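Only one chain is shown below, in structure tokens, and it's the form predicted alone.
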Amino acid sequence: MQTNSKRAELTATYDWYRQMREAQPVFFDPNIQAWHIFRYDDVLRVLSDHATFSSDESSFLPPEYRNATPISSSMLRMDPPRHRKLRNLVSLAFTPRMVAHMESRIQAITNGLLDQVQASGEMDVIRDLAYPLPITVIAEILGVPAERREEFKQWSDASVGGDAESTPEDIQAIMQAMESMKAYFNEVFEERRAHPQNDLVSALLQAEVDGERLSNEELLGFCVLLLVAGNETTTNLIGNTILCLDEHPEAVERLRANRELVPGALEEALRYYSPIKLTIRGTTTETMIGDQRIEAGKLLFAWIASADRDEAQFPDASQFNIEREPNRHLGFGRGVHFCLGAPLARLEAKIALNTMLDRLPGSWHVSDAPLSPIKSSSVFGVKQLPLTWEK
């Protein structure tokens, strides 16, 4: 079990969230000209009211900061009605019914990954399971070869990378990764235009919205959103669940004995260590949040990870409780941008955890070496997660 001192770097931001919820729940940062929102009710409102709080970067970012990544051209950065039309194009691939059809394939991939580590008694949860599982599944849905998943990992890291401590070299590496990703997908688009297949990329190339085909930027935005951003969430959901269980080892045996508790444990992990720290919005009109008046055209950081630890919404919010009920966490967002891949992420995490409980016996131990958090302002997780169990 990791001691708190080993987790200090990882969990320091949670102390900051608590301080801000108590002292400055709606805070203006003059250095970046943005508002920070920390309390559950306020974050929920920002996520739910798309008429007041826009996702369209052109409404709140200066021109030089727009379109920094392909995500900027995706439906994640659009408002209705365009957002709804684009979302409808792919939503059928991610309905609970469609996702249920993938269960046996997800189980087979999970078994194959654990086959490679089970006998050794040790693994890196991120490298050996939490990353390759969702990337393989989504690559098969899109129709891109999963063998290139190491490149996908680099691109994924770059897409969510960058924080206040990033050096010019870090930023340059991120931009180079973005260019490699664009070049790769443009090749895929050309190949599918010539030779359509029964996959999501081919379907998107044929799709029309308001009588027009999607632009290359929109196609790229879709692929990056699904292949990269979506997988980052699932990877960190699985990894963060193991972090929670390492801090609460008694829960492992409870889950092993009663698998009906597994879905609730995953929801609590989504709340306790939310894979998504924050999301951004911009005000379309002057509005009040709490006792603060916010002008139109202002950038907002809605801190989901803080909202999910708000004592006003979650009694004993700093406690990890696998039977927490109700648990209206915001880990998958809320409103029109509620995570499209939530049913798939939940199924992958459920299969991953159940299979680990089946195949990795006894108590689990995360290495005592300090864990390195992902360098990102938007996602929460660890780069490596060394785990041992009783063989």
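If you're wondering where the values come from, they're calculated on a predicted model, not measured in any experiment. The first residue of the sequence shown is number 1, and the count goes up from there.
Although not depicted, the form predicted in complex with a small molecule is the subject of the following passage.
Subject >> 4.5 angstroms heavy atom contact with the small molecule in the predicted complex for A34 >> reply: Looking in the predicted complex, residue contacts with the small molecule do not include A34, since no heavy atom lies within 4.5 Å.
Original post:
Just to confirm, L237 within 4.5 Å of the small molecule in the predicted complex by heavy atoms?
Top reply: Answer yes; at least one heavy atom of L237 falls within 4.5 Å of the small molecule in the predicted complex.
Original post:
Is R87 close to the small molecule in the predicted complex, meaning a heavy atom pair under 4.5 Å apart or at it?
Top reply: So R87 counts as contacting the small molecule.
Original post:
Is there any non-hydrogen atom of R271 lying within 4.5 Å of the small molecule in the predicted complex?
Top reply: No, R271 stays farther than 4.5 Å from the small molecule in the predicted complex.
Original post:
Out of the stretches listed (187-195, 288-296, 275-283, 119-127), which one is close to the small molecule in the predicted complex, meaning heavy atoms within 4.5 Å?
Top reply: The contacting stretch here is 275-283.
**OP:** Please pick, from F314, F94, Y131, F301, the one residue with any non-hydrogen atom lying within 4.5 angstroms of the small molecule in the predicted complex.
**Re:** So the residue touching the small molecule in the predicted complex, by this definition, is F94.
**OP:** Go through L44, L360, L344, L353 and name the one with a heavy atom inside 4.5 Å of the small molecule in the predicted complex.
**Re:** It is L344 that has a heavy atom within 4.5 Å of the partner.
**OP:** Give a yes or no on whether every one of L226, T233 and G331 sits within 4.5 angstroms of the small molecule in the predicted complex by heavy atom.
**Re:** Contact check passed for all of L226, T233 and G331.
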